[in-house]
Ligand code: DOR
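Form predicted on its own, single chain, as structure tokens, below.
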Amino acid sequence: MSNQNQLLIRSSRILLPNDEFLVGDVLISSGKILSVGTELEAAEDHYILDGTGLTLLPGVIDPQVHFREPGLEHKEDLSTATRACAKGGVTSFLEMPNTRPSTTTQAALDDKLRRSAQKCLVNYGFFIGATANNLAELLTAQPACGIKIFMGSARGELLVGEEGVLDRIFAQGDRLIAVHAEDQARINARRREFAGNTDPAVHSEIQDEEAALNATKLALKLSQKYRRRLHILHLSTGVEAELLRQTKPSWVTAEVTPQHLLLNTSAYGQIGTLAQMNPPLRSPANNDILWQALLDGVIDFIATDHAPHTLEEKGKGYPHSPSGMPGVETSLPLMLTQAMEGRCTVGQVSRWMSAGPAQAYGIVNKGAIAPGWDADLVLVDLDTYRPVLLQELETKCGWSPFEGWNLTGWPVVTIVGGKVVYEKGKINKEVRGNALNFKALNHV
């Protein structure tokens, strides 16, 4: 495996920005794409990658992950998480603030940036977390991709569900606000109603569709009141999708996870608490509505909400088992498998997983294969199917809700900043990603 600054990818099927494909070459120098064409020439010191039979895509930008460092490294850490990213074709990530300590101050953000510079094999960015009392930090913390508000499904200072507090946050500044939209008051009432029920499937009844819809309506109301840039994280219900179809301002975006597209409440009977996440899995009918909303552009892009817990923690039994599941290693093959089955196109998958997040968060020069753009790329094999095997996972938690699923589109080579970080099963642990830059967006 090479760590050189000069690369030539030969004879791959290249996804161009116009969604057409070119069988040709990509020349890379000093982390940038120099040229895209056919029969490009390389110098003797170039590292040559043979892309014959493979498809070259922009690297995945995963805009919602929980990598657990600092404070929860027994579940995951920045090293193991970014090895998993490299193996899964994820070349950049945006990480959430619910670590220990929470990322609610400039000092905590600086600490994560220092750790990432030392450990991350891929590019990185971080949210600043909202509390009831850190408005000044929300206005000034840099560099942050946005403000994360847990309207529900959080504990301690990061739970911000009261409308008055939310109103103050929406009213000041112009930084993107990303919301975990669940109505905590309704969840609390439903927990009392279902107290004593230890069936994991009851999780989807406690945190029901109405809890999600209530919070999304409130976030939309405040966004419209102040014309504030809003992003709705991990949309999980058809009723929310239909609300957005009817009432979605131009400055609002939404995402969906592969889990909410491909899993549903039947998974509880198959994998138990491994199917437990927030917001919960929904009925099969919701899968279909979410898919249609994604295809229609009502939902803008895809995130994994990678949120690992140990098997020991997951085995404690409901309601003592934590919510969350890993995803960065499987998200691209999952979606490319859907493309090969005709549910969408490879170009759509790339827009949903690369260009879309880059545009929404103002990440410059990423998400396309074109001269002058950053050389964050992934070569995938769309001809070979392989199952998800636990012994091959890089995530520290060591499990996947998609164990045994037979998928295509597995990465063969992942390139970050023009350097090969993953090649044919081997990870180059010497590569380091860079801190992402976020340009100011005039959405409203």
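Start at 1 with the first residue shown and count on from there. A quick note: this is a predicted structure, and the numbers were derived from the prediction, not measured.
One more form of this protein exists, namely the form predicted together with the named molecule; it is left out here, but the text below deals with it.
- Task: Tell me, out of Gln338, Asn278, Asn365, Ser223, which residue has a non-hydrogen atom within 4.5 angstroms of the named molecule in the model of the complex.
- Result: Selected option: Asn278.
- Message: To verify the annotation, which of these, Arg83, Arg282, His309, Arg228, has a non-hydrogen atom within 4.5 Å of the named molecule in the model of the complex?
- Response: Looking at the other structure, the residue within range turns out to be His309.
- Message: Tell me which stretch of 127 to 135, 101 to 109, 235 to 243, 319 to 327 has a heavy atom within 4.5 angstroms of the named molecule in the model of the complex.
- Response: Correct option: 319 to 327.
- Query: Does His180 reach the named molecule in the model of the complex if we count a contact as any heavy atom within 4.5 Å?
  - Reply: Yes, His180 is a contact residue.
- Query: If you check in the model of the complex, is Thr395 within 4.5 Å of the named molecule, heavy atoms only?
  - Reply: No, Thr395 stays farther than 4.5 Å from the named molecule in the model of the complex.
- Task: Tell me, yes or no, whether Glu76 is in contact with the named molecule in the model of the complex, where a contact means a heavy atom of each within 4.5 Å.
- Result: Outside the cut-off, so no.
- His66, heavy atom within 4.5 angstroms of the named molecule in the model of the complex: Yes, His66 is a contact residue.
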